[in-house]
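The chain below stands alone and is given as structure tokens, in the form predicted alone.
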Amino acid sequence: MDADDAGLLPVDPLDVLRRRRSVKWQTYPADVLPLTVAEMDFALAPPVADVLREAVQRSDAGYAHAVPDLGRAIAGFAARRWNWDLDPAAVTAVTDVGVGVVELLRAATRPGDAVVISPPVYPPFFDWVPEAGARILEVPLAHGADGWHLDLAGLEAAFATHPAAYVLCNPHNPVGRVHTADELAALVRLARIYRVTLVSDEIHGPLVLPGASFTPLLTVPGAGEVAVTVLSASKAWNLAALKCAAVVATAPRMAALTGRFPPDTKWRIGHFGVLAAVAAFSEGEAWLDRLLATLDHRRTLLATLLWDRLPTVAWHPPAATFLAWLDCSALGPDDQARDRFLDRGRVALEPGLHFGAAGSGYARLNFATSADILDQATARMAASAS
């Protein structure tokens, strides 16, 4: 195992990682280094591994029973990490964040209603809105010397046209922006004025890196009347295979949206997902702290490697997530640089155009891996770019 520094999480050697059967490790040939989909290369947190192992040993593989344990676990975590006094009863279990967002949009919109999103953004946002029967209205993020941020003036202009909802990414994937409390307060003010429902995807909330602090949208004064949050343990504890997420609604009007979910929603949750999420939120913070220290180390390492080897690639190091949004436009428009990294360097990154037109010239790199793999990958990328 890779053991770069004391206290950091180790990573299995590459030949061991290649035995994994997930999308990240099975999509490309064995000579490609995959830094694509948001899976991490670290071992599971011990409390999560233990609860899953114990469930298998007792053949406990039946239907999920999320109440009350999931709500209590999330509320405890929210209090400890974010000083959020959350009522466990405000938590409704859903299959995953995507299902939660789609069902909320179905409940909050009518066919053909506009739903606002802010590209560049997580690619499924472009699919979730039409799946719910609504249409997309784009208000791209603003971009300046200080990085990416919400275009509040653009959002106000869009909200004035009376869309049904806005789907917020908080923290924002792929740019790694942690929206400030002031920005979120301004967003809530606009939503209240124009009566726009806010649906906040906060799956990366536990993954705010040293130097930044996370503000859950529902902790902003007045947000509960217009907003609902969807969150999960799946990104921070690498549990995408185990289907369980949570919708949080803290006011009766927003809680009524969950009352419109299909009756069978509760049967579509994974039992192992509930067990793992409860373990992660309740007992997984020591491991999470090591993870955040490790990701901070990788973020710093990646900055050095890019500066030394690919100085024409620009980026704003993310304040959250384990995803680097790389401006490769000096190497070509659209996805040309990403394709060159893959075809010539045998390094796979996520194509920038998957995140919307604003992603032209960009690529997303997943740095939740070993220092050695990042070293190899950037060396190959540099060689392919020359």
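Sequential numbering from 1, following the sequence displayed. As the structure is a computational prediction, the values presented were derived from the model and not from experiment.
Beyond what is shown, the protein has a form predicted together with a small molecule; the following relates to that form.
Screening 156-164, 218-226, 307-315, 94-102 for residues having heavy atoms within 4.5 Å of the small molecule in the predicted bound form returns a single hit, 94-102. Scanning Ser118, Thr294, Asn173, Ser200 against the small molecule in the predicted bound form with a 4.5 Å heavy atom cut-off leaves one residue, Asn173.
Scanning Val51, Ala66, Ala38, Leu342 against the small molecule in the predicted bound form with a 4.5 Å heavy atom cut-off leaves one residue, Ala38.
Although the partner is absent from this view, Trp128 contacts the small molecule in the predicted bound form, with a non-hydrogen atom inside 4.5 angstroms.
Mapping the unseen interface onto this chain, His204 counts among the residues with a heavy atom inside 4.5 Å of the small molecule in the predicted bound form.
Taking the partner from the other structure, the small molecule in the predicted bound form has a heavy atom within 4.5 Å of a heavy atom of Ser234. Cys169 belongs to the set of residues with a heavy atom inside 4.5 Å of the small molecule in the predicted bound form.
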